[in-house]
Structures are given as structure tokens and as C-alpha cells.
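The chain below stands alone, shown as C-alpha cells; this is the form predicted alone.
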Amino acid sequence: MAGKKIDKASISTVLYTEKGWNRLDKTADSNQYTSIFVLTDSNTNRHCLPLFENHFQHPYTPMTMEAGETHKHLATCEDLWASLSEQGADRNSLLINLGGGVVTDLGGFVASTYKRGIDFINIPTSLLAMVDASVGGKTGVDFQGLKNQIGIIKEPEFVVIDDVFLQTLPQNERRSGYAEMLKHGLIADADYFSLLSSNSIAKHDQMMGHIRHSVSIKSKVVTEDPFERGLRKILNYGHTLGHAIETHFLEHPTKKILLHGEAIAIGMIMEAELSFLTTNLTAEERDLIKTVFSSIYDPVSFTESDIIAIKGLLKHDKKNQSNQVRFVLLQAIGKPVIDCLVREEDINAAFQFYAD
């Protein structure tokens, strides 16, 4: 990871439960904003907005988008920009993004570009958004069927995390977020990976402590490297193949769409095999990674045509340089290596390792 000089930056404050709600209340009371807008999707509007209104009694204008990754595109942004304009939002307006990763990513992008930028606050309602999407300033949308191709890095004013929203999540959404937490252990804290591996996702009373630890891991990385020039790349472990798999299943006319964490879990198993073949990850740790993820996530099958299509999508990965696909791999659990080149036959072996 040596070589490039990395710019440090202060990332947004993450506040938990009552501290977060108190900060939000004071922000609304301060009269620094001419108007406040709250963005939800069709799911969080029904399940999470009432919980939000238990803590926020200030006037606001609601905005709603359709739920799901299939609506994370520029047409949705255009609708929201038009809505902001029609309702008189000016440069001193505030947008509160109340939702999962799609809402915080897209809402942050809408706010960052409307009238060249208005303030926004993220209130993540999914486990995935709490530990990943809402922290670190990445905003954006999918474009031409490719994940997160359009966007900018812009920090929210602050983030409010309250585990009360986890009660609204189905189990598959909890598993999706848990994959990113396991990833934090794999790239930064072997003991944390071991702890999560032995714990049940259903243990709600322990989840907030895990969320705080995952956020602290990501925050430390992002503070050191806000614009992904070096260290921040380690957060992409499992994502090179995982994003390609997610995109393929999203665009395929007959396949069931995978949640982000479900696709990344597959990517982490495959990239464990690539690590064994490329960066000397031990067979024992490689097999442990597969065992842990296979015990949590349902298996997915790939046809030969699927594999060809997924390998074709790798050329669009944002970490690529000089048309070369760059992977984040592991020397050991807790010890990542960035900018790794791998052979195509090893990618084929990774698919076979997952299938075996």
C-alpha cells in the first residue's frame, strides 16, 4: 500500500440513537435552512417514516422514490430534481435521506448536484446502509446497467444511526448488511471476523456494538484516504467479482436479483481462492472464509454463459487501471493487498472453488 501520498480528511460525524436525534432536532431548530425535504422509498415510507416522525416533529416536505436497485438511475434523479425545483427548494434547503443504500447513495447525489449542492443528512434504515453506504461520502447511481458509474464523493452533514429501524428488516436484508460487516473483519480485524462468524445475526441486543465497530473501521480507512487513491481500496475486497455478479443478475431477464451483500458474499469466497492462488493466503483461511459465508448465504449456481458474461463485466470495474482488472486480495485474514493482477485461469478456478 506504500507509494502514493494519501490526502487525509475529516469525515462526517456519525451519531447514535438519542444523540443523533437531538442533533437533528437542534439542526431543524436553528433556522439555518429555508426548507427541509425528507426522501424515502416506497418501503421506508411505509415502515420507517412513522418511526422517524416519533423523533422529528418539524415541518418538512416528503419525497418518495420507488424501492430497489433497479430504480437507482438518472431518471429517478431527474424526477427528484424536478420535485425539488417545483416545490421551491433553494440553495439553503436541506435533504434528509431516510432509507437503505439506494436512498442514501442516490439522495446524496441528488443533493450534491441540485443548484450545485445543498446540505444533506443520512439516516440509514438498513443494516447495509448503517455500516457501509451512509458512511464515507460516496454518492451516485448506476448507469447503462453498471454499478455506481455516475457520482461524486460528498460527505453528509452528519449521519444518524438508530437500530430501531432494524426491526423493520426482513432476514435477507439483515444478511445483506452482515456481509459487509464480515468484510470489515477480513480486511482489518481478524478477531472481529471470528466474533461475527460465531455469532447469530438474529442477536439484536449485540448488533449495535457490532455496527459501531464496523463504522469505526470504515471511518478510519476513509479518513486516511477519502478519495480512494490507496488505502480506501481495501474496502472493495469481494466487490470486483461481487459487483459484476450483482450487475449480471440485476440485468438478466430470468434470474432472481441478488441483494448487494448476497453478491458480495459470493465475491469474497471467490476472491479468497484468488488470494490463495496469488497472495499466499493459506488454504486453511481460504476454506474458513468459504465455510463461514456458506453457512449464512444460500448457494447460487452459474452456467458457463453466466461466467463469460460476468468476466466481461469486470472490465468496467472502477479500480481498473490501463485496462487491467485490479483486485483487493488477502495475505491473511485482516491483511489485505491492493491492486493485484490475476490470471484468467485463476478467475475460472475461483468460480470452480465456489461451486465445489
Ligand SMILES: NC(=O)c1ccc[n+]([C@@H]2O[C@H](COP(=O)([O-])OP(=O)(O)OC[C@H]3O[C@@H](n4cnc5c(N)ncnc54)[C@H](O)[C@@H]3O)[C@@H](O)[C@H]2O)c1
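Model, not experiment: these values are computed from the prediction. Position 1 is the first residue in the sequence shown; the rest follow in order.
The same protein also has a form predicted in complex with the ligand, omitted here; what follows describes it.
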Legend entry - Contacting member of V110, V159, I264, V102, with respect to the ligand in the predicted complex [4.5 Å, heavy atom]: V102
Legend entry - Sole residue of K218, K233, H210, R286 within 4.5 Å of the ligand in the predicted complex, by heavy atom: K218
Inset, instruction - Report yes if any heavy atom of H316 sits within 4.5 Å of a heavy atom of the ligand in the predicted complex; otherwise report no. - result: no
Inset, instruction - State yes or no: in the predicted complex, is some non-hydrogen atom of T27 no more than 4.5 angstroms from a non-hydrogen atom of the ligand? - result: no
Legend entry - 4.5 angstroms heavy atom contact with the ligand in the predicted complex for I296: no
Inset, instruction - With heavy atoms only and a cut-off of 4.5 Å, decide whether A67 touches the ligand in the predicted complex. - result: yes
Inset, instruction - Can you check 113-121, 142-150, 266-274, 88-96 and let me know which stretch has heavy atoms within 4.5 Å of the ligand in the predicted complex? - result: 142-150
Legend entry - Those residues of 228-253 which, in the predicted complex, come within 4.5 Å of the ligand by heavy atom: none
